[in-house]
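In the form predicted alone, a lone chain appears below as structure tokens.
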């Protein structure tokens, strides 16, 4: 063992230089090649006599790298005396290219005069291949993410009405704020005509996200639409939905939601609204002249969880300029001011400061409020607002 180890130590400095696992190159200050090791010659496919005193280091580079060498590499080397880890390519004798990492140092005399440039060159082919593979994998991941986001947004649009109908004497507006571009949320809303001058509307939030939530959302929307035509009032409609969700339960994942359903009857002096809530955050009434108020629907239970769930029904009158705002809990569970929860009372107090007279203005203001929370909004948020037009207010 000792004999073998000693034999290894007897390698000559010249042999270590010539056959090092990297390329060595010495040039004059103008770049003319003065010395080159066998390793680099083997990589390039040149004979030593072809290069020594005949070629400059820059001559071994392709055009783009040659320009970089003259405009950046060489000036930085002259300024600092050394430069390291620069990714370049060398052109072999057969015209093919080799990716390398180049480091150079200026050797000076005792009086500080620059004498020559010593350059070390490492084969970066494996690293370049790894970088290309990494880039390819990243591009594939981005393409897959784009595909998932496109599917999610397309599916989300099918779960919401493409537009809201015109309601005589009313201004209506809706908004959907997705918390994630990658998942389908469970928030939903709708507004549609019934017989006579009565309109039905609802807004709710299905538990969970993704494909499972989309299935429950679809079932919920169509059940509410069908039941609104047949049942006498909002509370009865929510009971019908409760029965439908209980019948549709299967597997370990429960299917339930919260929702507000209402009837709207426009009149000459405003509009009559009848609301029923099932476990949903209270609707907000923003009076044109007067304080904002949260409608008391406490006692309305989660839909799809209990066979004999109880639902609370209330009535109110909207006067010209008044707005009824429905929202999902992505708004009132947002975090702000050091991750403090933004609750219903905060929303009511904020609404008191608004100077709005229409549903459109209200939804625009709330959407800006959501944007101001930034990443504090970690759940989807749906908004639906209904307001009575002010006298003389014309549709834009």
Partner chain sequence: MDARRRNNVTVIGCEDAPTVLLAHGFGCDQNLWRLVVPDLSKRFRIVLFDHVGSGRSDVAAWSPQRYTTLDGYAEDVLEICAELDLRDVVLVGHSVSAMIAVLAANREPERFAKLVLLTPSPCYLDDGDYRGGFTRADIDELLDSLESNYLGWSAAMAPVIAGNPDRPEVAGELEAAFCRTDPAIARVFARTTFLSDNRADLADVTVRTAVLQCSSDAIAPREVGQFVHDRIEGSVLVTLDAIGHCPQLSAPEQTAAAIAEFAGAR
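A quick note: this is a predicted structure, and the numbers were derived from the prediction, not measured. Positions refer to the first chain, counted from 1. Whichever C-alpha set is largest while still superposing within 1.5 Å between the two forms counts as the rigid core.
This next part talks about the form predicted in complex with its partner chain, which is not shown.
- With its partner chain omitted here, the record of contacts in the model of the complex names 61-69 of 34-42, 361-369, 328-336, 61-69, defined by a heavy atom within 4.5 Å.
- Interface membership of residue 86, defined by any non-hydrogen atom within 4.5 Å of its partner chain in the model of the complex, is confirmed.
- Remark: residue 75 counts among the residues lining its partner chain in the model of the complex, judged by a heavy atom distance of 4.5 Å or less.
- Although the partner is absent from this view, residue 139 contacts its partner chain in the model of the complex, with a non-hydrogen atom inside 4.5 angstroms.
- For residue 317, no non-hydrogen atom is located within 4.5 Å of its partner chain in the model of the complex, even though that partner is not displayed.
- Only one of 135, 114, 306, 93 lies close to its partner chain in the model of the complex, with a heavy atom inside 4.5 Å, and it is 135.
- Only one of 291, 194, 226, 79 lies close to its partner chain in the model of the complex, with a heavy atom inside 4.5 Å, and it is 79.
- Every residue in the set 30, 56 and 97 has a non-hydrogen atom no more than 4.5 Å from its partner chain in the model of the complex.
- Once the rigid core is used as the reference frame, the Cα position of residue 95 differs between the shown form and the other one by 2 Å or more.
- A displacement of less than 2 angstroms separates the C-alpha positions of residue 292 between the shown form and the other one, with the rigid core held in common.
- If you fit the rigid core between the shown form and the other one, you'll see the Cα of residue 59 move by 2 angstroms or more.
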